[in-house]
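Take a look at this single chain in C-alpha coordinates; it is the form predicted alone.
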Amino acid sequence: MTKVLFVLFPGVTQLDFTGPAQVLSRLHGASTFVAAKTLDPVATDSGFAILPNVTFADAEQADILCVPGGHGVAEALGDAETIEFIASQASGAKWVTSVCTGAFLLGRAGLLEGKRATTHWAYAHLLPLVGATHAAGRVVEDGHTITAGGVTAGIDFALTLVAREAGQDHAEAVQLSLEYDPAPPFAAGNPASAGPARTDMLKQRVYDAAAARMAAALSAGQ
(Lines give C-alpha, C1' and ligand atoms only; values in the text may rest on other atoms or scores of the structure.)
Protein backbone atom coordinates (compact mmCIF):
# COMPACT_ATOMS: atom_id res chain seq x y z
CA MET A 1 0.00 0.00 0.00
CA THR A 2 1.25 3.47 -0.92
CA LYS A 3 0.35 5.99 1.76
CA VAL A 4 -0.38 9.43 0.32
CA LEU A 5 -0.52 12.14 2.99
CA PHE A 6 -1.77 15.70 2.51
CA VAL A 7 -1.13 18.37 5.14
CA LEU A 8 -3.94 20.82 5.80
CA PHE A 9 -3.95 24.17 7.61
CA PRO A 10 -6.47 27.02 7.85
CA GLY A 11 -6.66 29.04 4.65
CA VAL A 12 -5.50 26.23 2.36
CA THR A 13 -6.46 26.52 -1.31
CA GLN A 14 -8.80 23.61 -1.88
CA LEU A 15 -7.73 22.90 -5.49
CA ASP A 16 -4.08 22.73 -4.41
CA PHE A 17 -5.23 19.74 -2.37
CA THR A 18 -8.21 18.27 -4.21
CA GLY A 19 -6.60 18.32 -7.68
CA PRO A 20 -3.64 16.10 -6.81
CA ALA A 21 -5.74 14.10 -4.34
CA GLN A 22 -8.12 13.12 -7.13
CA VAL A 23 -5.21 11.96 -9.28
CA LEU A 24 -3.11 10.25 -6.62
CA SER A 25 -6.11 8.41 -5.18
CA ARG A 26 -6.15 6.48 -8.50
CA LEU A 27 -2.59 5.28 -8.11
CA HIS A 28 -2.67 1.49 -7.78
CA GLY A 29 -2.65 0.52 -4.12
CA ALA A 30 -2.84 4.08 -2.81
CA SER A 31 -4.52 5.09 0.42
CA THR A 32 -5.10 8.80 0.96
CA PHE A 33 -4.72 10.46 4.35
CA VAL A 34 -5.62 14.07 5.07
CA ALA A 35 -3.81 15.32 8.15
CA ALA A 36 -4.42 18.36 10.33
CA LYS A 37 -3.75 19.32 13.93
CA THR A 38 -7.21 18.08 14.94
CA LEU A 39 -10.10 16.29 13.23
CA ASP A 40 -12.12 19.52 13.17
CA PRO A 41 -13.08 20.88 9.73
CA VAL A 42 -10.29 22.97 8.19
CA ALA A 43 -11.41 26.22 6.58
CA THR A 44 -10.26 26.72 2.99
CA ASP A 45 -9.80 30.05 1.23
CA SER A 46 -12.84 29.20 -0.91
CA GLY A 47 -15.44 29.67 1.82
CA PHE A 48 -15.99 26.05 2.85
CA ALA A 49 -14.15 23.51 4.98
CA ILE A 50 -12.48 20.13 4.47
CA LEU A 51 -12.68 17.30 6.99
CA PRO A 52 -9.33 15.65 7.84
CA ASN A 53 -9.25 11.91 8.47
CA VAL A 54 -6.13 11.80 10.67
CA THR A 55 -4.37 14.11 13.12
CA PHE A 56 -0.69 15.02 13.14
CA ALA A 57 -0.31 12.91 16.28
CA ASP A 58 -1.94 9.81 14.78
CA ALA A 59 -0.65 9.94 11.19
CA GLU A 60 1.36 6.99 9.96
CA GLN A 61 4.55 7.50 7.96
CA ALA A 62 3.77 8.70 4.44
CA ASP A 63 5.28 7.33 1.27
CA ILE A 64 4.16 10.44 -0.61
CA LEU A 65 3.97 13.70 1.35
CA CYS A 66 2.13 16.59 -0.30
CA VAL A 67 1.89 20.10 1.10
CA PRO A 68 -0.62 22.35 -0.66
CA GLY A 69 -0.54 26.14 -0.56
CA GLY A 70 -3.02 28.92 -0.03
CA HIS A 71 -3.39 32.32 1.55
CA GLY A 72 -3.06 30.65 4.95
CA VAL A 73 0.56 29.68 4.33
CA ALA A 74 1.87 32.94 5.82
CA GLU A 75 0.24 32.06 9.16
CA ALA A 76 1.17 28.37 8.93
CA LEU A 77 4.85 29.34 8.58
CA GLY A 78 4.74 30.45 12.20
CA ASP A 79 3.05 27.31 13.48
CA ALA A 80 5.77 25.10 14.95
CA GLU A 81 3.55 22.02 15.15
CA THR A 82 2.76 22.14 11.44
CA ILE A 83 6.38 22.71 10.42
CA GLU A 84 7.66 19.98 12.71
CA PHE A 85 5.09 17.54 11.33
CA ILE A 86 6.15 18.29 7.75
CA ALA A 87 9.82 17.84 8.62
CA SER A 88 9.18 14.60 10.48
CA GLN A 89 7.09 13.09 7.70
CA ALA A 90 9.56 14.20 5.04
CA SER A 91 12.41 12.39 6.78
CA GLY A 92 10.83 9.03 6.00
CA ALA A 93 8.89 9.74 2.80
CA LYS A 94 9.85 8.43 -0.61
CA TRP A 95 8.53 11.61 -2.26
CA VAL A 96 8.32 15.10 -0.75
CA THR A 97 6.06 17.39 -2.75
CA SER A 98 4.27 20.71 -2.72
CA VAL A 99 1.76 22.66 -4.74
CA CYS A 100 1.81 26.43 -5.18
CA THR A 101 2.95 28.28 -2.04
CA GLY A 102 3.15 25.02 -0.13
CA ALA A 103 6.78 25.18 -1.28
CA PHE A 104 7.44 27.73 1.45
CA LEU A 105 6.25 25.31 4.12
CA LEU A 106 8.69 22.75 2.75
CA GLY A 107 11.32 25.46 2.80
CA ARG A 108 10.60 26.48 6.39
CA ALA A 109 11.02 22.79 7.30
CA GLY A 110 14.50 22.89 5.75
CA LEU A 111 13.59 20.72 2.78
CA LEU A 112 14.44 23.02 -0.15
CA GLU A 113 17.94 24.14 0.77
CA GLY A 114 20.09 24.04 -2.37
CA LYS A 115 17.26 22.66 -4.48
CA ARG A 116 15.56 23.78 -7.67
CA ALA A 117 11.91 24.52 -7.06
CA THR A 118 8.85 26.32 -8.31
CA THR A 119 5.73 27.91 -6.86
CA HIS A 120 2.98 30.33 -7.91
CA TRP A 121 4.40 32.94 -10.29
CA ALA A 122 3.59 35.82 -7.93
CA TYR A 123 5.81 34.35 -5.18
CA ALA A 124 8.64 32.79 -7.19
CA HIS A 125 11.05 35.62 -6.33
CA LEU A 126 10.80 34.62 -2.65
CA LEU A 127 12.15 31.09 -3.10
CA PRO A 128 15.74 32.15 -2.28
CA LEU A 129 14.49 33.05 1.22
CA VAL A 130 14.15 29.30 1.85
CA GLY A 131 17.42 28.41 0.13
CA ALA A 132 15.89 27.32 -3.16
CA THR A 133 16.62 28.38 -6.73
CA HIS A 134 13.58 29.15 -8.83
CA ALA A 135 13.25 26.96 -11.91
CA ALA A 136 10.62 27.79 -14.51
CA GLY A 137 8.01 25.13 -15.09
CA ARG A 138 4.68 23.84 -13.85
CA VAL A 139 6.44 20.81 -12.37
CA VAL A 140 10.05 20.85 -11.11
CA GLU A 141 11.82 17.72 -9.90
CA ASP A 142 14.99 17.72 -7.84
CA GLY A 143 15.79 14.27 -6.53
CA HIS A 144 12.86 12.97 -4.52
CA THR A 145 11.44 16.49 -4.15
CA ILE A 146 8.76 17.66 -6.58
CA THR A 147 7.29 21.16 -6.50
CA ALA A 148 4.39 22.38 -8.60
CA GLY A 149 3.46 25.87 -9.74
CA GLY A 150 0.24 27.62 -8.92
CA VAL A 151 -2.99 25.78 -8.06
CA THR A 152 -3.89 23.86 -11.26
CA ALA A 153 -0.28 22.72 -11.70
CA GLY A 154 -0.97 20.29 -8.87
CA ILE A 155 -2.81 18.04 -11.33
CA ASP A 156 0.23 18.01 -13.63
CA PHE A 157 2.54 17.19 -10.75
CA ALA A 158 0.30 14.35 -9.58
CA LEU A 159 0.19 12.78 -13.03
CA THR A 160 3.98 13.10 -13.23
CA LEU A 161 4.29 11.29 -9.92
CA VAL A 162 1.87 8.53 -10.96
CA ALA A 163 4.10 7.95 -13.98
CA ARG A 164 7.18 7.77 -11.73
CA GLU A 165 5.49 5.24 -9.46
CA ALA A 166 3.45 3.12 -11.88
CA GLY A 167 4.59 3.96 -15.40
CA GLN A 168 3.37 6.27 -18.12
CA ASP A 169 0.65 3.89 -19.30
CA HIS A 170 -1.04 3.99 -15.91
CA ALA A 171 -0.63 7.77 -15.68
CA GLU A 172 -2.21 8.19 -19.10
CA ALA A 173 -5.09 5.92 -18.07
CA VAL A 174 -5.67 8.10 -14.99
CA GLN A 175 -5.55 11.23 -17.15
CA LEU A 176 -8.13 9.73 -19.51
CA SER A 177 -10.35 8.60 -16.64
CA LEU A 178 -10.44 12.19 -15.38
CA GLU A 179 -10.85 13.61 -18.89
CA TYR A 180 -8.00 15.96 -18.11
CA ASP A 181 -7.73 17.61 -21.50
CA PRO A 182 -7.23 21.32 -20.80
CA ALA A 183 -8.59 23.68 -23.41
CA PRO A 184 -9.09 26.96 -21.55
CA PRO A 185 -11.38 29.51 -23.16
CA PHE A 186 -8.77 32.25 -22.79
CA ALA A 187 -5.00 32.49 -23.21
CA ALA A 188 -4.42 34.15 -19.87
CA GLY A 189 -3.08 31.39 -17.64
CA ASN A 190 0.39 32.79 -17.00
CA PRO A 191 1.98 36.26 -17.00
CA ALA A 192 3.49 35.83 -20.46
CA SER A 193 0.20 34.96 -22.11
CA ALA A 194 -1.91 37.31 -19.99
CA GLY A 195 0.31 40.27 -20.74
CA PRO A 196 1.85 42.93 -18.50
CA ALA A 197 -1.26 45.09 -18.09
CA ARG A 198 -3.45 42.30 -16.72
CA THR A 199 -0.58 40.84 -14.68
CA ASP A 200 0.23 44.19 -13.09
CA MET A 201 -3.44 44.80 -12.31
CA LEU A 202 -3.72 41.46 -10.52
CA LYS A 203 -0.47 42.03 -8.64
CA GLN A 204 -1.64 45.44 -7.46
CA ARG A 205 -5.05 44.11 -6.46
CA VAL A 206 -3.93 40.88 -4.76
CA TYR A 207 -0.39 39.63 -5.04
CA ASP A 208 1.86 42.55 -4.13
CA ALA A 209 0.35 42.62 -0.65
CA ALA A 210 0.16 38.83 -0.41
CA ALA A 211 3.81 38.41 -1.41
CA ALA A 212 4.82 41.07 1.11
CA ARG A 213 2.98 39.15 3.83
CA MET A 214 4.73 35.95 2.78
CA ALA A 215 8.14 37.66 2.78
CA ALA A 216 7.51 39.05 6.26
CA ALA A 217 6.47 35.63 7.55
CA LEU A 218 9.56 34.01 6.04
CA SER A 219 11.86 36.68 7.45
CA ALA A 220 10.29 36.34 10.90
CA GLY A 221 11.54 32.77 11.14
CA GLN A 222 15.15 33.50 10.24
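Worth saying up front: this structure is predicted, and the values here are computed from it rather than measured. Counting begins at 1, following the sequence as shown.
Below: the form predicted together with a further copy of the same chain, not depicted.
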*How about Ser98: is it within 4.5 Å of a further copy of the same chain in the predicted bound form, going by heavy atoms?*
no
*asked:* With a cut-off of 4.5 Å between heavy atoms, is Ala166 one of the residues that contacts a further copy of the same chain in the predicted bound form?
replied: no
*Is there a heavy atom of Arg116 no more than 4.5 Å from a heavy atom of a further copy of the same chain in the predicted bound form?*
no
_Test of understanding: in the predicted bound form, would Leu202 fall inside 4.5 Å of a further copy of the same chain by heavy atoms?_
yes
*Hey, of 88-96, 73-81, 143-151, 102-110, which bit sits against a further copy of the same chain in the predicted bound form at 4.5 Å between non-hydrogen atoms?*
143-151
*asked:* With the distance limit set at 4.5 angstroms and only heavy atoms considered, check whether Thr2, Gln61 and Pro68 all reach a further copy of the same chain in the predicted bound form.
replied: no
_For a quick check, can you give me the residues of 149-187 that have a heavy atom within 4.5 Å of a further copy of the same chain in the predicted bound form?_
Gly149, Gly150, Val151, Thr152, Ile155, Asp156, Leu159, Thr160, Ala163, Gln168, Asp169, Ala171, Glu172, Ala173, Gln175, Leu176, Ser177, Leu178, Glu179, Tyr180, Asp181, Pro182, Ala183, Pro184, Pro185, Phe186, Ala187
